[in-house]
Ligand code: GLA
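This document opens with one chain alone, in structure tokens, the form predicted alone.
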């Protein structure tokens, strides 16, 4: 959905004037400084409930009226937030049931944020009430361009009301307790239920061993939070349905299935906080850039349209183990990377530093000193000017022929299961490792769920696709048959959507990847887990590469072996296979490897699939290349000079330098 009021990229961020109402001079300074920095939008009211409703039923909107009017008079638009990220003290005191109950079944005391119970009727009623008040008052205000629902939603409640709603959710899903017992394999350890009333939400001092239950509670609470978003959306749109809504996604595994949440939003937005300058090698920010790019391509791919960077930091974050200021030129480079991946905004948390509480040292545009004479402010002004210069690019597409699967349900299942290795962070990083290898081939990449439409891509890779949901195998089959190239890896196709293993009989044996043995031409017979201090080796195209973490042992039926193991009792067995199936190719990678092997493999896969590179050159260390709307972004995430050839011309990039061609 286009924001027609603003023709330029959005530039601004979270603004909390209610913290400065007793100091009008500060508020006057803010308007002047915003105009100087090229700010054209601010987000208001994210945590302003106490300032809007200091007592139950007593509303004080006058300060917000004044701020919105002044901003609009000065050419600055508003993204208005609903205040449901945190409630005022009077509410928790009068209605304690609005507070969350932890896994330990102890209700939380007042404090913090995003710690309310989405099952609470009181909580929902109070949120709906103030949302409708805001909608009625501001839905037609000329400054308003978008609604910001709540803030960085995460976590779960485990109260009795949530438990009761969970049982209703389970009954709708399974129909009968017998079917639930079958899917949970509850005869194990004598856990068979006789009624839905016996089921409790998972807890570390209760039931965590039935992984179907754990995954289902995550799904249930995700659905519950999405229903809460739907309620807020309906409330604010009541008085003007044309104003789009968003909520700021911020963590890949925060507890909400973003793929489902995206269907409830008009605009996708993301909060990005890379750990700049915290790598051991201080000469490169490549790893941070890859991580940021992965999240950008994830949120953009939901609706294949530009997204909004809702929060970033112009200087130093406050929540990391080491809090480093952005070095000169990096703020501009990180802003350009955001645009390159399809963002239509660069926005910050926050405009002015708070004087107290937990985020008082979180980097902001204006520091406690209140001065414009700072490096950070000059950097923000420079970005503001550049965004106006590049406004012709706003709304343009970022097209990709290649996709990496990162699936919420699959990650929940991998985090719950016990097998192969204890380190759960490994699974979180796996898709990003393959994504990085593809980036180094200089192609645009989408990050999608297993439920996404496959048809628009030429190449899809699915690292560790442990869970095959009902349509997964058939979608892969159709994709390859129609001419696509699909790369599947070890630990794939082992369980169904409830974490129940696919199994067979003597007469009808079943091997991974489930129901796709004919497509890939292989059967997985065993998987060898490797310790951190050991590795095997594989030979590919005359080069030797390390095989790490695990090694699937295959029976190759009618696939071609592209690489073989070098050591142990499975020396000589296939490590990578390829099979022509229908009009496409199915690849199977049996082991975790270093990135140099993945890069070599994907170069061959992409060439075979006819994927066009943005620029047809070998990867230059630390240089990222992206294409958007016919424009090529060339970005150097190193402190050292890099040279890359683009269309037969040598482009020289200084440290943290970039070019748009």
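Residue numbers count along the first chain shown, from 1. Being a predicted model, the structure only gives us computed values, none of them experimental.
What follows is about the form predicted together with the named molecule, which we do not show.
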(request) Report the residue, out of 297, 311, 407, 436, that has at least one non-hydrogen atom within 4.5 angstroms of the named molecule in the model of the complex. (result) 311
(request) State the residue from 382, 152, 259, 287 whose non-hydrogen atoms include one within 4.5 Å of the named molecule in the model of the complex. (result) 152
(message) The chain here is shown without the named molecule. Which stretch in 88-96, 185-193, 334-342, 270-278 comes within 4.5 angstroms of it in the model of the complex, by heavy atom distance?
(response) 270-278
(request) Would you please decide whether residue 444 lies within 4.5 angstroms of the named molecule in the model of the complex, comparing each non-hydrogen atom pair? (result) no
(message) Against the named molecule in the model of the complex, would residue 587 count as a contact residue? Criterion: heavy atoms within 4.5 Å.
(response) no
(message) Please determine whether residue 558 contacts the named molecule in the model of the complex, using a 4.5 Å cut-off between heavy atoms.
(response) no
(message) in the model of the complex, is there a heavy atom of the named molecule that lies within 4.5 Å of any heavy atom of residue 222, even though the partner is absent here?
(response) no
(request) Residue by residue through 21-54, tell me which have a non-hydrogen atom within 4.5 angstroms of the named molecule in the model of the complex. (result) 47
